[in-house]
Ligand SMILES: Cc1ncc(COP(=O)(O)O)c(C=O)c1O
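Take a look at this one chain, the form predicted on its own, written out in structure tokens.
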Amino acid sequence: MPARKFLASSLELIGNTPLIKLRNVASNTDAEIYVKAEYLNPSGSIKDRIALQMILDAESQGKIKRGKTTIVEASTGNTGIALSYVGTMLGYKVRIYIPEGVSREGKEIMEKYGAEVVIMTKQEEQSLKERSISGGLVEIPGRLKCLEVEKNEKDTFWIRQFSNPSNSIAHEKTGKEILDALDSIDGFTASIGTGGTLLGITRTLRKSNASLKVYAAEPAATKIPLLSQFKQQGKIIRTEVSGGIISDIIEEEIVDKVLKINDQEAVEMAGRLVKEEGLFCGISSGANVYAAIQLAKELGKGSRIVTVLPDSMDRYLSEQHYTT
């Protein structure tokens, strides 16, 4: 039978993104820096990978059914968009709970894909935060709402990106794609976020190089470092709405250093990636590359550093901030 020369669905475009060597923004280091262009996934972000993996795994486990289940999630942007896209394509209703202040672009993209978008009011967010053990994370109120909805509404399923093992499993595949492109890698950097990208890719890359150096990045505005929020008095914290993959990162001790990166550093680097490399990627991409350059300076001449460009600059046209 002849090989198929067409795609049966746009979902087949997810993954296998190009790995690109930076030519200009890394010129002040003696290392090689490579970027995985994840913003080229169909809905514009790395989160397409986890949306597809989480939904297909939930199907195979009998937790959801096409045409019957409504998938719910709390999101500030990319995961909500990816679930809206993938979920709708696979025949699910999707409802995303977002906090007030999420970019206009993000909300409108979710709705264009067919999702129901529910904005959490400040009053509702505050009442839910007071019920939360880990109230410092912006998505906590939305997660509490998803938990409440799942318990009280028939045929709803909270996908739980922050703790779903399929999140990091999806990125073990991303790590394999990187290894397929490069025969040796000395360092990896990524923003923390839910932790899935950081954990999944690092797990795979460390199988090839146990000495791999890993830098995690997070916004400088974060009052309490994310990894510290879930480790108290020697205990690692996990609840129904917090901990999750970040707690796995703490347990596995995969991070060598956490870098605090401010808005100006991330925005300026993202601008350079667009102008000097032709990579139309977003602000977290700028933060990741900024971290990669710091790691390159430590590892020195001849080292190879890899990072990811999580999303597209079109998410940041109305305002530009480094968020995870």
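This structure is a prediction, so every number in the text was calculated from the model and none was measured. A residue's number is simply how far along the shown sequence it sits, counting from 1.
What follows is about the form predicted together with this ligand, which we do not show.
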Legend entry - Ile71, Ile192, Ala170, Ile98 - the one with a heavy atom within 4.5 Å of this ligand in the predicted complex: Ile192
Inset, instruction - Among 86-94, 193-201, 180-188, 113-121, mark the stretch whose residues have heavy atoms within 4.5 Å of this ligand in the predicted complex. - result: 193-201
Legend entry - Proximity of Asn78 to this ligand in the predicted complex, heavy atoms at 4.5 Å: yes
Inset, instruction - Check each residue of 270-287 against this ligand in the predicted complex and list those with a heavy atom within 4.5 Å, in sequence order. - result: Ser284
